[in-house]
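Encoded as structure tokens, the following chain is the form predicted on its own, with no partner shown.
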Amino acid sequence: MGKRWWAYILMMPGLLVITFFLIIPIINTILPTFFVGETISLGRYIDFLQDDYYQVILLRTLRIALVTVVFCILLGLPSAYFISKVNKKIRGMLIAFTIFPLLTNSVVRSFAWITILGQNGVANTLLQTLNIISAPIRLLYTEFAIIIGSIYLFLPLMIVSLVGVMENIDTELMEASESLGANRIVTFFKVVFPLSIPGLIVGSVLVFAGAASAYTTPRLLGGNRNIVLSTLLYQQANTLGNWVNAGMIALIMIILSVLVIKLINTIAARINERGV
């Protein structure tokens, strides 16, 4: 009992900080959204979800976040597998290079992509040089630009999450698979991939939560035509001063993230059961 109480005492400072500086402010922000005058009502949420303009923004946010997760998985799995199989010195260097974008300011990263995707940017110049296009095409201020920027931003999270799991997979399991006639591709999907599911879940959750709530990348690369929930929340709070609507959007973002995270966990559990 003494050790248990000592553990509780050690937890108290952290719990107090979280309670006073996170939980209470969130409650104070969200609570007014359930009141119309002095009456408890879900009217604001119903109006928001029934409004065509807000529906487009909600679906755009969900689409961008999910597409980002899918591409981060497709790019992160082979990259993480390669990094996990090299020797420790090279692995450390590769991981350092992988997380380097996270050490760069998000505004700087976004302006770099503006230079690449702009009307006279690197991408359009290259496509015209290769005679793939005859005139510059619009790449910047589109959903495509937001997705590209989001993948670049959050791919390191997926890779690091997967490397941490893959490097602990026993090589004897892969050798046993190959000795039974499976080639490396089959071994990867039948042995490595199922054992990497925990890292895949963590990576997917981090990427989705980050992509769904990111502000700088959608604002700078998407422009005013491609508003997402995070930029709408900023607009309501800082531009219009409507903190009630901002709190409502914040709660919707939280619920959306929780539902998608639950969906990711469910899909991963079913994949694990089938032994894909």
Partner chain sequence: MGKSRGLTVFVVLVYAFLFIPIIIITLTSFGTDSYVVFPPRGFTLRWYETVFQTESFMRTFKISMMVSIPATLLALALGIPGAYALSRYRFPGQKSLKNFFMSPKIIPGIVTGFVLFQFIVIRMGMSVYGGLLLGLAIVEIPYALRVIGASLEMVDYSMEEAAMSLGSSRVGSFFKIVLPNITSGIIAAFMLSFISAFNNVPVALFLSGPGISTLPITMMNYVEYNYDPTISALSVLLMLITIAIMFVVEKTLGINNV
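All values reported here derive from a predicted model rather than from experimental measurement. Numbering follows the first chain given and starts at 1.
Absent from the display: the form predicted together with its partner chain. The rest refers to it.
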Quiz prompt | its partner chain contact at T266 in the predicted bound form, heavy atom, 4.5 Å | solution = no
Quiz item: Hey, in the predicted bound form, is G199 touching its partner chain, heavy atoms inside 4.5 Å?
Solution: no
Quiz prompt | Any non-hydrogen atom of T115 within 4.5 angstroms of its partner chain in the predicted bound form | solution = yes
Quiz prompt | R270: touches its partner chain in the predicted bound form, heavy atom cutoff 4.5 angstroms | solution = no
Quiz prompt | The unique member of V86, L195, L127, V186 whose heavy atoms fall within 4.5 Å of its partner chain in the predicted bound form | solution = V86
Quiz item: Of I227, L66, L220, L58, which one comes within 4.5 Å of its partner chain in the predicted bound form, counting heavy atoms only?
Solution: L220
Quiz item: Does its partner chain come within 4.5 Å of a heavy atom in each of L139, L162 and F208 in the predicted bound form?
Solution: no
Exercise. Scan 212-235 and note down the residues that get a heavy atom within 4.5 Å of its partner chain in the predicted bound form; none is a fine answer too.
Key: S213, Y215, T216, R219, L220, S230, L233, Y234
